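In the form predicted alone, a lone chain appears below as C-alpha cells.
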C-alpha cells in the first residue's frame, strides 16, 4: 500500500532551526521526525511513500541516499510552485490507481492506521479523515459528524466556547483514487478548505474516524519541546529513542558517552552518542544530541540540545532549543522557548528570553527572526 507524505512546508514557526533543516527532518529525541513517521507507516503495511516536497528538497534526498528507509521505498515529487495540500496530493499521487494514505509531515501520532483503513472499507467511503479530540478546538478546524461517522460540515477556528464539537481534523486521510478527480491539476488547492467541504454535498462519500490516541502537531517551539518530553515519558515507545538504554534511574544513553561522576540527573534525560557532560552539571528532563558538550557547572532543564552543540561553563538553558553545532559561551542564560540557530556563537554572559538567534556567526544574532504559520 502507498502513502503520500506532505513535507513541503517551510516550517516558519520553528525558525531558525528550519532555515537549515526542513521541519520533518528535525530530530525528536535524537531520531528524525520523518523516520518516526516512516516506521509508523511501515508497521501498518505501507511499503511505498511518495514525499511531496517543496522546501529544501535536496536535503531529503541526501538524508535517504538509498531511496528507502526501513523497508519502505521512497519516491520524491518536487513542486515547482506551491500547490496547497490538495494540489500537492494530486501532483504526488500521479499514477496511483488504488486506495492510499495521506499524512501531514508535522503530526506525531500513535493512530491505529490499520483500524482506520478497516473503518474506511466498512463504510464504503471515498475519503476518511482522522479526527483527534483537543481541549480547545478554537485554533483548529472542527469536524461535526453523524452518529455513523459521516461528515456533515467543517468549521474553521470557531470562537472559544462556540465549537459544536471538540474533534478536529488531525491530518491523516485514507483516499480512494476517485478523490483525485475532484482536484484540478497544477493548481493551488486546499483539501481541508476546498475539496473535503465540497465532498460533504455527496452523501456517503466522506467519513471521519475518531480516535483518542496520542496526537501532536510539532510545528511550534512549545510543541517541539513537548514531543521530546513525551518521548522521555515513554509515550512514543518503550525507549525514548532507538538504541537507548537506561544506565541508571532516569538516565538513558545511546552508545559511548562521558558523564562526570559529580553531574546530577533529575527526572528523565537522554544523552546521545559521543556527548560529554562536565563536573557539577545538572541535567533535568533534557535531551542531548550526539557530540554535545556541556561545560562545568552548567544546568540544562526541559531543553533540547541538537547534535554538536557546546554549552559553556556555568551556563543555563531552560525550556529552549539549541541548534546543531551552536556554541554558548560561559555564564550564558537562555530561557522561555528561545531557539538558537545552527552554528550560532553566543558570547559569555549573554542573556536571552524567548528569542530567536540566527544561524551562523552571530553579528546579526539579535535581529528578529520571522515566525509565521507554516
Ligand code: GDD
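Positions refer to the first chain, counted from 1. Remember, it's a predicted structure, so these values are computed and weren't measured experimentally.
There is another form of this protein, the form predicted together with the named molecule, and it is not shown here; the text below is about that form.
No residue of the trio 15, 224 and 341 has any heavy atom within 4.5 Å of the named molecule in the predicted complex. Proximity of residue 209 to the named molecule in the predicted complex falls outside the 4.5 Å heavy atom cutoff. In the predicted complex, the named molecule lies farther than 4.5 Å from every heavy atom of residue 359. Contact between residue 50 and the named molecule in the predicted complex is not found at the 4.5 Å heavy atom cutoff.
Of the heavy atoms in residue 168, some are within 4.5 Å of the named molecule in the predicted complex.
Considering the named molecule in the predicted complex, the lone stretch of 212-220, 279-287, 144-152, 176-184 in range is 212-220 [heavy atom distance within 4.5 Å].
The listed set 140, 252, 119, 100 contains one residue whose heavy atoms approach the named molecule in the predicted complex to within 4.5 Å, identified as 140. For the options 236, 265, 83, 259, the one in contact with the named molecule in the predicted complex, meaning a heavy atom within 4.5 Å, is 83. Heavy atoms closer than or equal to 4.5 Å to the named molecule in the predicted complex belong, across 9-31, to the residues 9, 13, 23, ordered by sequence position.
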